[in-house]
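One chain is shown next in structure tokens, namely the form predicted alone.
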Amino acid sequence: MPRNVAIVGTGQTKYTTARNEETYEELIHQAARIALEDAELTLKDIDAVVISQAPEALFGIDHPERWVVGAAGAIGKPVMRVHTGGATGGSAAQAGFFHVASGLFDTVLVVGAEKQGDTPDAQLVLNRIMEPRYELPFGLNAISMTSFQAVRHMHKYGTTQEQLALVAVRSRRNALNNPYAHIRANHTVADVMKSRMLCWPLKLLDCPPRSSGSCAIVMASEERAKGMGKPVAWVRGVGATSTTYYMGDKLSGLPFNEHGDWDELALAAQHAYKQAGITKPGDEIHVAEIYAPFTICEVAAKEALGFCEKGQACPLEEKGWWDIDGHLPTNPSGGALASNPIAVTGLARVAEAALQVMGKAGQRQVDGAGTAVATAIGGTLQFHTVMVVSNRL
């Protein structure tokens, strides 16, 4: 049987457009140091290191895992680099979990950094992630493939642009309480609606910023965690699924390829919920940190995660269901709409979920947050991860 695992420390730096004052290695070191201090551990206590690093093309360093062994304190220790696009942070956290749950290691550091601000070509890179022979010539990119999801959801459920705008308004309002957040603003629905159209129906304020920064978590075995005598976040369940790379297949209506819904995320959640013993996620989960770089992504994710019926996330948004003082607070940190350091956006969701159940989230703390869920998505909306954390075993 796998061992119980806890998150015992988290560390984040401020997310912003560019971090020109630090090198990539320095950002890695900063987040690792903060997480270790939070866990009240030193590098000598760490048995292995997982590097969370998405495409190096975003900041121009080839094979960054080679550069940061020293900065991450990994000299003389096993190192694994994880890369599943935007889902990288979620996948890296799960790799760290498996390292400890397997019994091979007692304490593992999961750390990553993003420096999109180092290149003027980040959007060009993201514009070329589609399948090159059939789909790239059609001009598909990260924004247009997500706009198709929005159009499909609108067609099936009557979702409106104004309802999507409410997601952006809530997210960036929540970010006002997050000292790490990149975009913190009191936007209105009117602000979102009049922002520049990028790909109908998604407008500029429906989309994430280009963020740089770093994040780390420390994971430990049950024996080590209980010996610390402090609040920890127990990992109660994990799940991961993948789906087709091809956007054409996603629009085919075949199983797990209904683009307006996220059945593949639902499957990952089912795996995690089964492990955690969750049967009514809408009631048993107290806070959600969802990797939603576009407003429609959060809408589809909440429905796939079983928080409500399909087509009901937006009507519930209008009722304040997802507010920080609502029934199921979602992205109290502001989420990816406030900060999107791609290599660690998913890892930040895990860190924020852990902070919530440990009662250490500061002004963004949700009252009574005993169980939280964190998700990540990556590739062409292709990879999905789900992790359930709790303040109790």
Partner chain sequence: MAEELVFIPGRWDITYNYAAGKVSSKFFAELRDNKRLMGIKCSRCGRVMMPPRGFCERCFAPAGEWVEVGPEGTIQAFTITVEKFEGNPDPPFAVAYVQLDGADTAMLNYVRGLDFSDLNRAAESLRVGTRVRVVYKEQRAGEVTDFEYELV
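Residue numbers count along the first chain shown, from 1. Just so you know, these numbers come straight off a predicted model, no measurement behind them.
This protein has a second form, the form predicted together with its partner chain, left out of what is shown; the following refers to that one.
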Closest heavy atom of Q161 to its partner chain in the predicted bound form, within 4.5 Å or not? yes
My question is simply whether C199 lines the interface with its partner chain in the predicted bound form - judged by any non-hydrogen atom within 4.5 Å. yes
Counting only non-hydrogen atoms and a 4.5 angstroms cut-off, does I34 reach its partner chain in the predicted bound form? no
Would you please decide whether D367 lies within 4.5 angstroms of its partner chain in the predicted bound form, comparing each non-hydrogen atom pair? no
Would its partner chain in the predicted bound form be within 4.5 angstroms of a non-hydrogen atom of every residue among D121, P132 and M247? yes
Identify which of M228, I143, V189, L176 has a heavy atom within 4.5 Å of its partner chain in the predicted bound form; exactly one of them does. I143
Quick check on this chain: which one of K274, K194, K319, H155 has a heavy atom within 4.5 Å of its partner chain in the predicted bound form? H155
Within 4.5 Å of its partner chain in the predicted bound form by heavy atoms, the stretch out of 135-143, 293-301, 166-174, 306-314 is 135-143
Counting only heavy atoms, which residues in 39-64 are within 4.5 Å of its partner chain in the predicted bound form? E56, A57, G60, I61, D62
